[in-house]
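The form predicted alone is given below as one chain in structure tokens.
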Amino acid sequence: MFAGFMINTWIVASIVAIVAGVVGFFVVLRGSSFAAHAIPNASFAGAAGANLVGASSIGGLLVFAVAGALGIALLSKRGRRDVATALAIVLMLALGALFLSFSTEYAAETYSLLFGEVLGVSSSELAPTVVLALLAVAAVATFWRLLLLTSVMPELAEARGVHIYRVELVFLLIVALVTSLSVPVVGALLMFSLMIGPPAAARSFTTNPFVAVVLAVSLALTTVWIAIAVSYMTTWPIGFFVGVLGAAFFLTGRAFAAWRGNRAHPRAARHSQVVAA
């Protein structure tokens, strides 16, 4: 699994995990899981269209992911966000199905675009992935305080003159960048699980934002590394293992939070009894 043709896979998957952990923290914090699911579907359609015309799949991913993010932001401004996101999913899946129907490699393209392809990362995709990852991390670092403030206390942010809609638009564009570099590795349908499972688990273990991001990145790296190794040995799709491990980490985090809450409750009750006495 560490042969020469696998080196690109390990590198790109690690980059994807790091960025997914960083951005996924805000996806969970802002309650944007639905949008994080819709944008990969938009990028799926873009990759399918790019493959159909012989263009770069990374370019197609980026164009359609950005278009999906802008569409969700624009429609959300004029109506309910969940409805706008649902419309984006329906439209982009329809376009993806149309593009793939014109391809002579329908089954293979569907498999790799939807569920990822552990051996499908070429050297030509390495440089664009690094560039997109650096842009995404730089954007999060630049807007860290605004993203944190609008996620936790949106009313206070608005009272201070922060344009909530603009921050949301920037965040959706960041998600689009992450999607563009993630889909070739883990696939469109299960890419969002890498941005939800590890970060959600991290939030269950700590409330400190910086610690939560570091933990989310660590869990995301563990997820993709295990997924690649097991996928290589079993020939099962990498997306399956990413989804299962993401769910396992999330459930573990929730169990830990429940255990910690049960321990804290008796202590609070005893403290109340002492004070009352």
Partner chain sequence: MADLTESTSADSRTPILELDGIGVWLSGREILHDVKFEVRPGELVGLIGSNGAGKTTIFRVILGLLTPSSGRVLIVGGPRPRRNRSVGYVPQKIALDPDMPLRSRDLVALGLDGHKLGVSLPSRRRREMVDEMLHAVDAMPFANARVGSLSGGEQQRVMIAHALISRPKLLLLDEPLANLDLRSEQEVVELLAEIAKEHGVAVLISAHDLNPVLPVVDRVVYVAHGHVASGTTDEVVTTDVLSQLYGHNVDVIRLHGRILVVAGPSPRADPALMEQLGRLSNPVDDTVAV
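Positions refer to the first chain, counted from 1. Worth saying up front: this structure is predicted, and the values here are computed from it rather than measured.
Absent from the display: the form predicted together with its partner chain. The rest refers to it.
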Segment assignment from 23 to 31, 234 to 242, 215 to 223, 48 to 56: heavy atom within 4.5 Å of its partner chain in the model of the complex | 23 to 31
Which listed residue (83, 141, 127, 90) meets the criterion of a heavy atom within 4.5 Å of its partner chain in the model of the complex?
-> 141
Which one of 75, 131, 162, 173 is close to its partner chain in the model of the complex, taking close to mean a heavy atom within 4.5 Å?
-> 162
Evaluate residue 123 for contact with its partner chain in the model of the complex, applying a 4.5 angstroms cut-off between non-hydrogen atoms, and reply yes or no.
-> no
Report whether the minimum heavy atom distance between residue 148 and its partner chain in the model of the complex is within 4.5 Å.
-> yes
Answer yes if any heavy atom of residue 101 is within 4.5 Å of a heavy atom of its partner chain in the model of the complex; otherwise answer no.
-> no
State yes or no: in the model of the complex, is some non-hydrogen atom of residue 94 no more than 4.5 angstroms from a non-hydrogen atom of its partner chain?
-> no
